[in-house]
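Below you will find one chain, with nothing else, as structure tokens; this is the form predicted on its own, and questions on how it binds or moves follow later.
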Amino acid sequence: MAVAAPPRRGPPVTNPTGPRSGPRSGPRPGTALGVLVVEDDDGDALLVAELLEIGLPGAAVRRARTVAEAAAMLPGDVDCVLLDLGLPDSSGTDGVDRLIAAAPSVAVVVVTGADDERMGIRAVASGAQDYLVKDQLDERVLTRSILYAVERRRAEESARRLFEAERRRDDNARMERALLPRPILASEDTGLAVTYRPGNQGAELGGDFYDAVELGNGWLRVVIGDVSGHGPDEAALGATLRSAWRALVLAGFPTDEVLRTVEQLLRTERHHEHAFVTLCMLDIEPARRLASVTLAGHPPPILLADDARFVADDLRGPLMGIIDRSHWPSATLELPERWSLMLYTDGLIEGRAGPDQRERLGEARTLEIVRRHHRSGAVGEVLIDAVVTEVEQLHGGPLSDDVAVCLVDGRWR
């Protein structure tokens, strides 16, 4: 890397022997850049250090003599690599490829000769942020190129992360639309309002699921459940269990057989041995006067009539997938002439009680929120959307866990 010697304006920069303290996410105003000079010629390396002392005073300059040595030092505290293409252990743009593979987030500026400018262009095409021609190199050109390269690399990384986040959200949204069921309801005296909001702003899929089926004999059967964990595997497992539940219900199996079969399917289909499911199931008789509630480790439903209250909250059976030969007792609930039953997953009650609090909202406070909106006259989707929105506001933004809520409305026949 033969460069013209600059006028001496001070002593050359000495290379630090250790990393700077604290994590780095790129240069910030008032902070020193970390520059790694990859050069096998001692004289050229010294001249570059002096150029950096003039153009970037305070820069933390380190040196490597080969691409292999440089790759071993990355990412460390390096913001930009200044790479000579004429090194003994690389040819062409091979050095660029190897350094980018070692530290994709670090900017790379290559130096080439005046008679081989095409190599600089090829290096940029391979992923370098800029190239410099040796004969045109001075402190101004070098400083501008390094600062430009670092900022460009940061912008590229930000754009890549944004693209990946948007792509994941889009993919998750498509999967959610495909996974959410179409409830089967036929009677005019029964209604169903549902809402589903993914946690982490849609970044990860969860295993929440729900369904409702009205059979030909008038029985209405409703389920809501939650697979432990987050991700596509959990979402797929939730969809599998929901589909199995619907098939068993349509086939007319009683509740205990439905739950035992769903648990058996869970044990055969889960990707992790300790994965479990919480579940709440309702069986509402054709006259709409009685309902049977079964809980498998799930939060109790809320009955809305003249007031709002938990039902069957002292009757929580074991989680699905934990205990062999589980048994889930059911409680019979007498329904008022006009009623609503609200089923929900635990994402609703596990948000923070305030933006700056670590305490969970919990069941009791959630019930107070539901009661208040119910007393204000909110019904159906308006009610559950208002409840979920207030819970999110208390949390300080989107909830960490997915939330599914079903509100079943009915009246006596």
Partner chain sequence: MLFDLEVSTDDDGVVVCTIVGELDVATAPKLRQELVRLASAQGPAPRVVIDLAGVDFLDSTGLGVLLGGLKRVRSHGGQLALARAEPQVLKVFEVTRVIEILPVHDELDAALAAVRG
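None of these values were measured; they are calculated from a predicted model. Residue numbers count along the first chain shown, from 1.
There is another form of this protein, the form predicted in complex with the partner chain, and it is not shown here; the text below is about that form.
Proximity of residue 317 to the partner chain in the predicted bound form falls within the 4.5 Å heavy atom cutoff. Mapping the unseen interface onto this chain, residue 273 counts among the residues with a heavy atom inside 4.5 Å of the partner chain in the predicted bound form.
Contact annotation for residue 297: at least one heavy atom lies within 4.5 Å of the partner chain in the predicted bound form. Contact check for residue 125: no non-hydrogen atom falls within 4.5 Å of the partner chain in the predicted bound form. Checking 251, 141, 186, 322 for any heavy atom within 4.5 Å of the partner chain in the predicted bound form turns up a single hit: 322. Of the listed positions (41, 350, 69, 385), a single one reaches within 4.5 angstroms of the partner chain by any non-hydrogen atom in the predicted bound form, namely 350. Of the candidate stretches 33 to 41, 49 to 57, 375 to 383, 355 to 363, only 355 to 363 has residues whose heavy atoms lie within 4.5 Å of the partner chain in the predicted bound form.
Interface residues of 39 to 75, taken as those with a heavy atom within 4.5 Å of the partner chain in the predicted bound form (partner not displayed), are absent.
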